[in-house]
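In the block that follows, a single chain appears as structure tokens, in the form predicted on its own.
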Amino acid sequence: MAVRRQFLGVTGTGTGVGKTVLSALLVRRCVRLGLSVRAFKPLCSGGRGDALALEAALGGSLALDTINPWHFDAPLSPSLAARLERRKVTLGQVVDHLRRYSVAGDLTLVEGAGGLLSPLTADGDNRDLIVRLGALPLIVASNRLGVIHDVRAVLGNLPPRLRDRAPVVLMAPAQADESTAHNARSLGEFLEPDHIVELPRVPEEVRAGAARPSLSLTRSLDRILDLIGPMPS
């Protein structure tokens, strides 16, 4: 029996919630554990920093233009930025690229742009890409006031078969507020508590791969990997 491809769709409640930070951490953790992993940021706009972070986390095992085949200058949604440059990218093109460069037996991490419903291509958003790939969604959110609504809204816009399996990662904000210590427990009233992982604040040197994650951060990353399911080796 052929080993199937395992896609992980990293999405979130919006822009700037920590998708790239988490994606790079997970890739580095997989590499350190000897797990087979590939990572893509198929569309970037306003710079290629996110794709460069994934390239560094992979240790150069994938070329930047393979990780990020489409990039645009304007810091807007990729679909709008492409339109301004009179270019067109379709969901089918993105799916074809990801399937072409993924490998059976690997975990293939695909980081979206913006939030779940942010326009991604001329004919689809991040949710459409996740559904087309049959990917497990990984929901990333900033652990601050309003996150309960934001996470529930994202989950409510996923098909039930994906919603029920999706891990939720609460990223520690730069400045905690009064809700930060309570949000995980409150969210646990609406979804499976075991699917919620809190990530501590990630120091800049750890983000850049210049220092190892702390023990608590490593444990959180391993818990996320456990939630993703059986990992190829």
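Just count from 1 along the sequence shown to find any residue number. The structure displayed is predicted, hence computed values, not measured ones.
What comes next is about the form predicted together with a small molecule, which is not displayed.
Residue-level contacts in the predicted bound form: of 56, 184, 31, 172, one residue has a heavy atom within 4.5 Å of the small molecule, and it is 172. Proximity to the small molecule in the predicted bound form, taken as heavy atoms within 4.5 Å, picks out 202-210 from the listed stretches 160-168, 176-184, 202-210, 59-67. Taking the partner from elsewhere, residue 114 is found to have a heavy atom lying within 4.5 Å of the small molecule in the predicted bound form. Taking non-hydrogen atoms only, residue 17 approaches the small molecule to within 4.5 angstroms in the predicted bound form.
The small molecule is not shown here, and in the predicted bound form it never comes within 4.5 Å of any heavy atom of residue 224.
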